[in-house]
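One chain comes next, on its own, written as structure tokens: the form predicted alone.
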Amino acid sequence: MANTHLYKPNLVIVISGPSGSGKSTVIDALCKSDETLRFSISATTRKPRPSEVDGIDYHFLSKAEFENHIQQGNFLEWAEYGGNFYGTLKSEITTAREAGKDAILEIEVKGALQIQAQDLSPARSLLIFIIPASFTILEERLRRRKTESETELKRRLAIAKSEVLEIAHYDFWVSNPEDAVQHAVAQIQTIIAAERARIDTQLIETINPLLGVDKSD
């Protein structure tokens, strides 16, 4: 756990990966194992799957509701993916910070790059990309879900390949081989710990008063 006297939660941790990479499972295990993290619930216009619950898995919005939020500037990022809109409400980040936690976001590449391009001060972004062991395993995972037609599955695989090509924009990558969720979780926890230990302006401003240092001197 981060030093509560010196570290102030300010990370917007973005985790991306192709559909079928297992990122949702990894993020769920990560948040359950680390009380200093809070999962940011995304908003979407897609229809919920049978097992999904509004306000827990996603904020399910109509297209009109989503567009209204866009017009009001309520999104930190948003993008269209597979014919549906996805986005992160700014209120999710505020809620995490007020709870004294770093925010975990599960979003696609387009949204991740929007966040990376922004000045989030006093927060800062940390982009992590989850890579499946192989595209064969990726395809097998998608087929096991039985939620897409053959045409949709092929389209998702094509999108997955294009997303992996964007990995150069991310800060770190994590492998997620079959049946090794805790391995991926451990990798991400190591990355987060290192990022929390980064010496930045916020840390200096916290240390100075403790040492009796007046910045105006």
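Numbering starts at 1 and follows the sequence shown. Keep in mind that this is a model prediction, so the values were computed, not measured.
Just so you know, the form predicted in complex with a small molecule exists too; it's not on screen, but the next bit is about it.
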Check your understanding: Looking at the small molecule in the predicted complex, is some heavy atom of each of Ser42, Gly87 and Glu106 within 4.5 Å of it?
Key -> yes
Revision key, fill the gap. If we test each of His183, Arg46, His69, Arg155 for a heavy atom within 4.5 Å of the small molecule in the predicted complex, the one that passes is Arg46
Exercise for review: Identify which of Ile137, Leu120, Ile131, Ala79 has a heavy atom within 4.5 Å of the small molecule in the predicted complex; exactly one of them does.
Suggested key: Ala79
Point to revise | Touches the small molecule in the predicted complex: Tyr58 (any heavy atom, 4.5 Å) | key: yes
**Study point:** 4.5 Å heavy atom contact, Arg145 to the small molecule in the predicted complex
**Key:** yes
Review point. Would Lys23 show up as a contact with the small molecule in the predicted complex if we use heavy atoms at 4.5 Å?
Key: yes
Exercise for review: Within 4.5 Å of the small molecule in the predicted complex, counting heavy atoms only, one of 46 to 54, 185 to 193, 168 to 176, 29 to 37 shows up; tell me which.
Suggested key: 46 to 54
